[in-house]
Structure formats: C-alpha cells, structure tokens
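Here we start with a single chain on its own, the form predicted alone, put down as structure tokens.
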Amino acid sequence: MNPPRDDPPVLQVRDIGSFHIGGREAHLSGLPAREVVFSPGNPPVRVDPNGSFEIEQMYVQHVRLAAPRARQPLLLMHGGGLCGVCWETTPDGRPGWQRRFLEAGHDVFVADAVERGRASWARSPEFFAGEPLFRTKAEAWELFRIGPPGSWQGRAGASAACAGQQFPVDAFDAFMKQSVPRWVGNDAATQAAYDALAAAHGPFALIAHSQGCNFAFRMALARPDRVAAIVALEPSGFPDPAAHELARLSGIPHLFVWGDHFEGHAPWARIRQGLAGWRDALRLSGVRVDELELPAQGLGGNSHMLMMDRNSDAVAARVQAWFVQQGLVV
C-alpha cells in the first residue's frame, strides 16, 4: 500500500465503465394525471404517473487495471444511508480506498446499492414501502463515534470530538453531504442485486462497511463460489447462524476490523456482542476469521468511518497485508 504523496503513481488502466444490475419491471395504475411546467416559460405538460417502470436495480462502477496483481476484483460495499462515494476521495480531499486499492494492484468495483446514489429511486410508498429515513448530523456525529454520546451541540465546530479523533472533523459537513435517504424495507431487493452481481461478475474479494457487511455475508452464503474473501469494517448486522449452513463459507477467509472509542456507546456494545456470536459460529464451522483491533495495532482514534479517517492509508495497508497473507495478491 502506497503512502500519501503529492505525486501519486500513474495508473495503467485497461477499462473504466459502469452498469446497472438486478431490479425488476413494476407497474402503476389508478393514479391521477396532472399538469406540470418543467421549465419557466414553457407551457404545462400533462403527466400521467401510471405505467411501467424499472425499479430495485443496483449501480456498479468498475476500474480495471492493465496488469492487476490481485487474483480477483475487489468489490467495495457501502454502509447504511451512504453510497459508493464513501470509497472515493475523502471528505477532506485525500485519495480514498478506491484509488489506494487500485494502486495496490486490484481491479476495483464500487456499488451504489438499491435506492442509493446512482441506482436511483422508485416511487414511495407505491414501490418503496414507508417513508425514507434521513440521518441527522447529531446521529452521525455520535453513532459514528466522532464525538462521545451527548456531545453534539448543533454544529461540528461547537461539539467535542473523541480524544485523539482520526476523523477529519473540519470536513464533517462535507461528509454529511454524502448522506442519502434509506428505506428499511428494501433489504431483500438489495440482497438480490448483490447476489446477481456476484453471479455475473464474480468471484470478488469483498470489503464491506457497516450495514453492507450483512449483504456481504449473505452473498457468500448464497454464492460461496463467487466470493474469495470478506473484509468486514465494523459490521452492524449479520445473518442468523442457526438458519444457515456456515460450513459453506469454510473456503472464504474473513477479517473483522474495529476502530476506537467504543466506551460508553450502548448501541455498539450490543452490536459487538452479536458479532462475537457470529464470529464464534463461523469459527466452529471451520471458517478462518481474523480480527483487527486497530488500537491494539498502534492505530488509535478511529471512528466508524475507517476509510475516511486521517490514517485511512495505514488501515488500508493492514487490509492489503491480510489479502497478501491469504494468497489473493501475486
């Protein structure tokens, strides 16, 4: 993994592209038509909302190197309320993990899951059930462990950050511009799109973050032949181990990566307790599971947004070293 520098290496790229995958045709009827003025000065146009639509698709961008060193392409899977931009340039302007893992020899795929980013929306509540949820700055500041519980004071500049915080606090507002709405009822459609992606373009090595880890685990259970490894950055969910044959994952090494400042965060205590049970169930089924506690490795102060923190290159280097140990990079 290359250190930060002013003159990054020139990437020898074979192909850059994108596509949509998954989804279905859906139909609406019985809704009233109305007149809409699309541009000032233009006459009104009658708009009929009824008809056929494509919904529940996923957007995927890929960059393929001229001479990749990794045996499989790398798929970057974002977390809840976010989209694939979280892997691109960091909020404070540094190269993100898309760039860093390209430099490390991986073809890189970046997904915008169903309902997120360039995957596009569908009508709600007709297709996306319920109303969308929007994350507040206060929730992100405290749940992502940028500041301790109760520290948000209306703006980042007035709010106390955790001691030694690695997240670039001055860029917090820029980070929140990445936040997108989420619907809690779209998990099945999202999983179907990820599974279709694995079937059509895998096998992949996966790096998943937060909510995305649950989709990564389930992708591996559905298509173990299309997943080479899983790096789970602070997973926030997991399948029921009693409902699955976990031995199907015995050929897929897992790495769990954890940041800092968990003290006093009751939601994270519950999450980590549940993930410990998932980890133990995997190990009992013959799955290799490694854990990387960043403070124990001399990397203290990380938030939940590990790929954006000021030491994100050092964290990526640890992940890359693990890929090399698994024989996934030549």
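This structure is a prediction, so every number in the text was calculated from the model and none was measured. Position 1 is the first residue in the sequence shown; the rest follow in order.
There is also a form predicted in complex with a further copy of the same chain; it is not shown, and the following applies to it.
- Contact annotation for the candidate site: 51, 61 and 132 all lie close to a further copy of the same chain in the predicted bound form (heavy atom within 4.5 Å).
- Although the partner is absent here, residue 8 lies within 4.5 Å of a further copy of the same chain in the predicted bound form, judged by heavy atoms.
- Mapping the unseen interface onto this chain, residue 84 counts among the residues with a heavy atom inside 4.5 Å of a further copy of the same chain in the predicted bound form.
- Remark: residue 321 does not count among the residues lining a further copy of the same chain in the predicted bound form, judged by a heavy atom distance of 4.5 Å or less.
- When a further copy of the same chain is considered in the predicted bound form, residue 283 lies well away from it, no heavy atom lying within 4.5 Å.
- Just one listed stretch, out of 188-196, 170-178, 249-257, 225-233, contacts a further copy of the same chain in the predicted bound form at the 4.5 Å heavy atom level, and that stretch is 170-178.
- A heavy atom within 4.5 Å of a further copy of the same chain in the predicted bound form is found for exactly one of 33, 276, 269, 36: 36.
- With the partner removed from view, the residue among 216, 205, 104, 122 that has a non-hydrogen atom within 4.5 Å of a further copy of the same chain in the predicted bound form turns out to be 122.
- Contacts between 149-169 and a further copy of the same chain, taken as any heavy atom within 4.5 Å in the predicted bound form, involve only 154.
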